[in-house]
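Below you'll find only one chain, the form predicted alone, shown as structure tokens.
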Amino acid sequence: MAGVPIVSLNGVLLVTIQEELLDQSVAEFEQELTEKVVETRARGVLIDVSVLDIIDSFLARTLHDIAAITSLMAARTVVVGMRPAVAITLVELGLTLPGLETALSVEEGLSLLSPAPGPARTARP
């Protein structure tokens, strides 16, 4: 067990990485999260990294992999709360993470994962 809490809320899995993770814990987290996507039939995954001062290349690659894996399972992944210094470091390392959606806050991330409004319904006469 990676020790990363995963909470299911209205079709979205909310995940807050609360401390730096060792590589083994990151791998376990990836496995647990993808299993939870299937178990809950989640349409979205929101990963909050706002408490992290550092995202190393292994975690960055794993976040990218999680987005690719969940996409194959018909779910979207959004990473939220990335600090400017972390983003700068990732770019300096050449880790651009294509396909990984990001948002500045949990609220904005949840907005991205909200179901698209369907066609307007009209009352039958």
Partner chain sequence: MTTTSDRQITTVVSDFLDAQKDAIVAQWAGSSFFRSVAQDSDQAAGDSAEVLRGVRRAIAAGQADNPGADGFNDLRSLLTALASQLDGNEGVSARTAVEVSELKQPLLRLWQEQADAELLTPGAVMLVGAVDTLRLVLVESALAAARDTLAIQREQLSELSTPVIKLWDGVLAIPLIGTLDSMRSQVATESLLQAIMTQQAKVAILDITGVPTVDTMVAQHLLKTAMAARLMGAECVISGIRPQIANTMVQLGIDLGEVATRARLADALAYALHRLGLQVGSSPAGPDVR
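All of these numbers come straight from a predicted model, not from anything done at the bench. Numbering follows the first chain given and starts at 1.
From this point on, the text means the form predicted together with the partner chain, which you will not see here.
- The listed set 73, 97, 52, 27 contains one residue whose heavy atoms approach the partner chain in the model of the complex to within 4.5 Å, identified as 97.
- Of the stretches 27-35, 65-73, 79-87, 40-48, only 79-87 has residues with a heavy atom within 4.5 Å of the partner chain in the model of the complex.
- The partner chain in the model of the complex is not approached by residue 20, whose heavy atoms all lie more than 4.5 angstroms from it.
- At a distance threshold of 4.5 angstroms between non-hydrogen atoms, residue 15 is out of contact with the partner chain in the model of the complex.
- Interface residue remark: residue 114 is not counted as part of the site for the partner chain in the model of the complex, having no heavy atom within 4.5 Å.
- The shortest heavy atom separation between residue 9 and the partner chain in the model of the complex exceeds 4.5 Å.
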